[in-house]
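The data below hold one chain only, encoded as structure tokens and taken in the form predicted on its own.
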């Protein structure tokens, strides 16, 4: 994909005391919005939306180390973005100027909620910020969210889901709308649910090969994902089908694409095992010497501090330390020391000393 020149966020912020300034402008014109999904070759890759993971810092780092064809944001609460003074939705939608400058791939905002009018208000703001597509979260299995009829809870409420899709499509105009979902809530209803979604003229549909009740347990059912591809073809739909679940290596990507016939593959937790998973030169994270992994971790720590210090707690970055310290002699000991730190400065000093 050619580089996309995007503008910086312009969300109206009443108070900047607890979050980054979302009103700055780095002066980069944004390309006209198009349905980029149709331009991607079969076998394209997507970095999955993940809460407290795929923020502007992590996306930029993965982009520098080996970018997928498409990036997605964290989960953005549409109601909170337009109505609430809470900071989390604005943080999840934040695009750092360095990410905007380095971005070489389409960036999609994933939103959730069950109020169509909030979609109509939130989506134009997200597109103006620099996102080039909208994905609706109909797959998060969190019990409290499902009980409220949001995310995976929409699987059992197709009429409400249809209203949300329509609102998103109206708000997006020519920008593409996609959906990420599961096979069911407490039991599989793949054919019925996927058939409904395929009737909604979506640009793309991601199927996670589990029901919501499984959370992340058990093996993803790629035969069911394949059945959605066949259903799409039978219906004559042009929706691109993306498979998701248990993709941890390049071999997994190739095997599951061949098995299911999906157009694209979405990697979630697999990126924790190989941050270089999307590279095309064959280089693997596990083959890097420990010093290279520690340098990558140091860069992650410094970028996290640059973007989020004073806005997010330091402890959030600790969840990433395992990525860089897994599987090499001395890594576990270094990780234990980092877990005991209480500040960016303290952790940086430990890493710098290790690299001497």
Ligand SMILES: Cc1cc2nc3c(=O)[nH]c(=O)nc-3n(C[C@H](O)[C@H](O)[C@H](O)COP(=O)(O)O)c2cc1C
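Note that the structure is a prediction, hence the values are computed from the model and not measured. Residue numbers count along the first chain shown, from 1.
Another form exists, predicted in complex with this ligand; not displayed. Remarks below refer to it.
Contact annotation for the candidate site: 180, 208 and 247 all lie close to this ligand in the predicted complex (heavy atom within 4.5 Å). Think of it this way: in the predicted complex, this ligand has a heavy atom of just one of 107, 267, 225, 212 within 4.5 Å, and the residue is 267. Checking 62, 48, 317, 297 against this ligand in the predicted complex, a heavy atom within 4.5 Å turns up for just one residue: 48.
Taking non-hydrogen atoms only, residue 53 approaches this ligand to within 4.5 angstroms in the predicted complex. None of the heavy atoms of residue 285 is located within 4.5 Å of this ligand in the predicted complex.
Contact annotation: residue 75 falls within 4.5 Å of this ligand in the predicted complex, judged by heavy atom distances. Mapping the unseen interface onto this chain, residue 137 counts among the residues with a heavy atom inside 4.5 Å of this ligand in the predicted complex. Only one of 118-126, 94-102, 67-75, 232-240 lies within 4.5 Å of this ligand in the predicted complex by heavy atoms, and it is 67-75.
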